[in-house]
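Presented below, as structure tokens, is a lone chain in the form predicted alone.
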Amino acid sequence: MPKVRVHYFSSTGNSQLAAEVITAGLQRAGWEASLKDIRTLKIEDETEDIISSDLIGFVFPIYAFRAAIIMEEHIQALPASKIPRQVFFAATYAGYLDRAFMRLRDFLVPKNYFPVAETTLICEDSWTAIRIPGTMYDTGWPEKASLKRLFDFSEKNIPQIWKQNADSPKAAICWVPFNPITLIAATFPIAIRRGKQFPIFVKKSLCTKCGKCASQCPTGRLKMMPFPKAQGNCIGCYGCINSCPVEAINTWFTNGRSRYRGPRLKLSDLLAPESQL
């Protein structure tokens, strides 16, 4: 029985849902599949498990035209593999994928990991700054049909691709169509990495000091002092803004915008008898 480990990062619940669907699909195909949240995964303690897996999946959201920085850093920290090892990508997003997969491939191939499959899941816009009612992907995503396609891809396509590449894995070609956005994408993430693009403003009159924002922050950037205070780099996930129950946290662009509270579907909705899986 092939063994696959699905590493994921999720700040809104969308990428976690995608990872759960993928894992369920691989389990349906007869694989030994398990989930690993990279926020709680310590590579130094799990190196043996990582390098003994037949396949590794990376599931993540797209922020500012690239994979979430916390996922990039996780992949860069992986130990080199002594033998060619297959991996796959799954991205959740509502905008433009750009070169996200290409960047990760460039990190992995020198370490003997070969991305052989890629897939995506369109979700609602979770960046509060661009959540405008009536715009594309503002409500109802991901759809059950999209989750079903992701499940089918995991159950049928991934095992087939893995088998085809068993003898000599080769990295899949990641094509990026020409788009003016690509020129912006080349420089915009620099601001995110330095933490300059997303200063946090707190309305103390609204804040209840519940700490949900600080516990949500994947980088530990937010501290309760006693109100939320940002320190260090920001990856732009907007998790603190979306999780605040009283909308006390804002950036330059989010005041008055609707917050994203997470996907409306769960894995159990997909696997229910009426879904006819």
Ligand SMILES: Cc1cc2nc3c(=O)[nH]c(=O)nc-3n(C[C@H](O)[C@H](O)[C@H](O)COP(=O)(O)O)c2cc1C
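Residues carry their position along the shown sequence, with the first being 1. Since this is a predicted model, take the numbers as computed values, not measurements.
One more form of this protein, predicted together with the ligand, exists but is not displayed; see below.
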query: Interface residue in the predicted complex among 162, 127, 151, 89, criterion: non-hydrogen atom within 4.5 angstroms of the ligand; finding: 127
query: 62, 214, 69, 56 - the one with a heavy atom within 4.5 Å of the ligand in the predicted complex; finding: 62
query: Contact test in the predicted complex: residue 79 vs the ligand, heavy atoms, 4.5 Å; finding: no
query: Heavy atom of residue 123 within 4.5 Å of the ligand in the predicted complex; finding: yes
query: The ligand contact at residue 254 in the predicted complex, heavy atom, 4.5 Å; finding: no
query: Proximity of residue 84 to the ligand in the predicted complex, heavy atoms at 4.5 Å; finding: no
query: Segment that reaches the ligand in the predicted complex - one of 91 to 99, 154 to 162, 70 to 78, 200 to 208, heavy atoms within 4.5 Å; finding: 91 to 99
query: Contacts with the ligand in the predicted complex - residues in 227 to 241 whose heavy atoms fall within 4.5 Å; finding: 236, 237, 238
